[in-house]
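What follows is a single chain, given as structure tokens, in the form predicted on its own.
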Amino acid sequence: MSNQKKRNFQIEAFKHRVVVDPKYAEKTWNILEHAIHEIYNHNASGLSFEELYRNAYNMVLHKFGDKLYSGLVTTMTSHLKEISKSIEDAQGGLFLEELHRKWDDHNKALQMIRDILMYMDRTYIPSTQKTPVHELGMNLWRDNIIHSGKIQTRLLNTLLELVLKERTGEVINRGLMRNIIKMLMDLGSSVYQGDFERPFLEVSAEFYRGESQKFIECCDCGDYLKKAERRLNEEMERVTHYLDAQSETKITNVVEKEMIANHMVRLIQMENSGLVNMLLDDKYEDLGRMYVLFRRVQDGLLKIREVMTSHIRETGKQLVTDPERLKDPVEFVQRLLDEKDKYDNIITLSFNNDKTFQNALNSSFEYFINLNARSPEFISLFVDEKLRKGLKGVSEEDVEIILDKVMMLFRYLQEKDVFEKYYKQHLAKRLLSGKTVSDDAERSLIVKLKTECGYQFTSKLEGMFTDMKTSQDTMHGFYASHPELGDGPTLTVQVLTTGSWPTQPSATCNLPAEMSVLCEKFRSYYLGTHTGRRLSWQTNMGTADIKATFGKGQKHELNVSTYQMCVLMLFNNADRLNYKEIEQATEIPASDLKRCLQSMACVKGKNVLRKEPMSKDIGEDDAFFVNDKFTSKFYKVKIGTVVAQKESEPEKQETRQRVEEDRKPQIEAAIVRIMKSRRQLDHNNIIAEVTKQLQSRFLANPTEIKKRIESLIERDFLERDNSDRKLYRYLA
């Protein structure tokens, strides 16, 4: 097979020329032209499309494509000119209907013509780069109908008039509108935009400019926003019904600019109904509407946030600096929590939980809470009140909610160590008097503080709980080793580790003989079982239960402080004692003695003593007697000590001094830590680093940091650079 000779095929031209009848093209075109006329006149049913297709095919094949194409353009143009006249003649509302009907007819005709001229569309048009039949039909409709002098302006005015009617509440034929707008879109985006969209947006801007001006003069802020929201929704609905989807952004931008952006400041500051009034009256719906609308325009939310922040700061500042409000610390903190709840609700319900608003709220609270130096003390007093009695009968979930709210305020404090000082004092009183509502709640709060500030912050607080538990075990051991003490007075001792509890100067006090014996026995027992320890009695922190018999044999059990017990026991051996005698016999410090006498002689319902002369204050010449007429409907009577809930000015100064002293080693430790890792650093950077390291506990004072640096230089931890006095080096 490979040996066979290859044969080459060659196609040759006809030996004789094929001559086409010179009148062939004219005849064929006449047939096709007649068919196009019939199609436009709705008489297409009698036409043979197969024959017409063959005729058009042959014309292109015989190189008469030019004649066919130009003839098509001429024929279609003449028909469209007639159509244009009939549309122009349509009156009033029939104008758009006639336009739509003729557009439908033209599309159907175009479809048939394209089917007949399919071969020309496929071969002749691509090779000559002419416009395809369908596109040609569209362009001719655009040029002869839509851009006709008498139709173009009339069409635009009619469409804009219908939109205006709809805006003013009239019902229009949306289906017809949709068909006409779709026609413009089918003719190309440039036709839709140039002949309708651009003028539509200009007219809309003018309409909303006027309407917004009218609304803002007569409506309050809430009503205005409702109207703006409704207009915005109407425009979006209009787009879905009969406009191009891409027009939505453009028309909503117009409404946003004219109705919101141009009036933002005026709306926010509107008298009696602006943003501040909405915040004060908890108008969640109006605030939510304002948030949604303002979010659509540039800097809208920023404006809301700025006004809200300045309002919160202003009201917060009034709250924390008003002397009337500072009289009751618990009420003061409750007001802060209520204020926080109020704005949390607004941010959640109206501002879509927006993080930027949450941050603004937090920074505002941090700002004004720290304007009042007593905020840490007041928050601790609030916790004390809740954990003493405020949480009785409250479910665990609600307790957690309250503690979480307290922690939230605690986070805003810059001086967390001041809170720690007060909290430790209040916790000590609660534990020692057995007044805590729930150990679980106490421990839960300590866990929260630990999570927030670390182990160091709470280690001493946890040590206090440990001491309470150990003391119980110690007392069991003491009574087990002294069975003979079962009949006499009962002694319960809490042994406190010095470092863990708030230190108080131990004041001497002469205990009654019966108690002194017991105390001595306990001391011997304790020091016998624990070597190397020292006990000092804190009589100012103790309590006692004593049985008393008054005139007419009335018996009561009195719950009193250790100091009050010492005073009352003196009246077993005397009917009348003056202030000096009591002071001499008990050796209780004067301020404490006056408070304890005041609580037993001047408080109605608790006056187990009488004093002469009767007055609210205790004088050094006063005389005291047992009040034989004392009655109470309770067998057990608790006699509290008259004590200020808040610290007095000298006590406050003392606490502040102790806090400042405690800060010194912490500042020094931070400086040494930083210098150890950096080896050398300039003054400003040390200040910045130390402040940053300590801000979780307190705001370090630059002057104090400078003093600590000087102290460390004196003790050879640091040295100054010889050439640059602001540069420090670490000395190993």
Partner chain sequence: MGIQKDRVRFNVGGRIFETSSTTLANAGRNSFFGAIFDENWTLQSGHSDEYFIDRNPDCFAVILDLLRTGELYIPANIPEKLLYREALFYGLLDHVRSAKWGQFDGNRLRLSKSITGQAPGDGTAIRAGPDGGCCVAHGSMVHVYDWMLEEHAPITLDYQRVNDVGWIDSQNIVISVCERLGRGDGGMGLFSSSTGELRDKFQVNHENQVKSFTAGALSFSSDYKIFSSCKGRSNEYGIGVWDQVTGKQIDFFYEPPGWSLGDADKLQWLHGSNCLLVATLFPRKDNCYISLLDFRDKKMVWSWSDGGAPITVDEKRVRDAIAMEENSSICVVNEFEDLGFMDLRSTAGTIRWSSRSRLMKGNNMPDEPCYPKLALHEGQLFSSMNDCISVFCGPEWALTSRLRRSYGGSICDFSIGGDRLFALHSEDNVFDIWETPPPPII
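Please read these numbers as outputs of a predicted model, since none were measured by experiment. Numbering follows the first chain given and starts at 1.
What comes next is about the form predicted in complex with its partner chain, which is not displayed.
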**Asked** Since exactly one of L527, M118, L302, L371 fits, which has a heavy atom within 4.5 Å of its partner chain in the predicted complex?
**Response** M118
**Complete:** If we test each of T531, S536, Q129, T168 for a heavy atom within 4.5 Å of its partner chain in the predicted complex, the one that passes is Q129
**Asked** Which single stretch, out of 674 to 682, 690 to 698, 54 to 62, 23 to 31, brings residue heavy atoms within 4.5 Å of its partner chain in the predicted complex?
**Response** 54 to 62
**Prompt:** Using heavy atoms and a 4.5 Å limit, would one call N41 a contact residue for its partner chain in the predicted complex?
**Reply:** no
**Asked** Within a 4.5 Å heavy atom cut-off, is T123 in contact with its partner chain in the predicted complex?
**Response** yes
**Request:** Classify V495 as contacting or not contacting its partner chain in the predicted complex by the rule of any non-hydrogen atom within 4.5 angstroms, answering yes or no.
**Result:** no
**Message:** Considering non-hydrogen atoms and a 4.5 Å limit, does its partner chain approach E704 in the predicted complex?
**Reply:** no
**Message:** Just to make sure I understand: among 40 to 55, which residues lie within 4.5 Å of its partner chain in the predicted complex, judging by heavy atoms?
**Reply:** S45, L47, S48, F49, E50, L52, Y53, R54
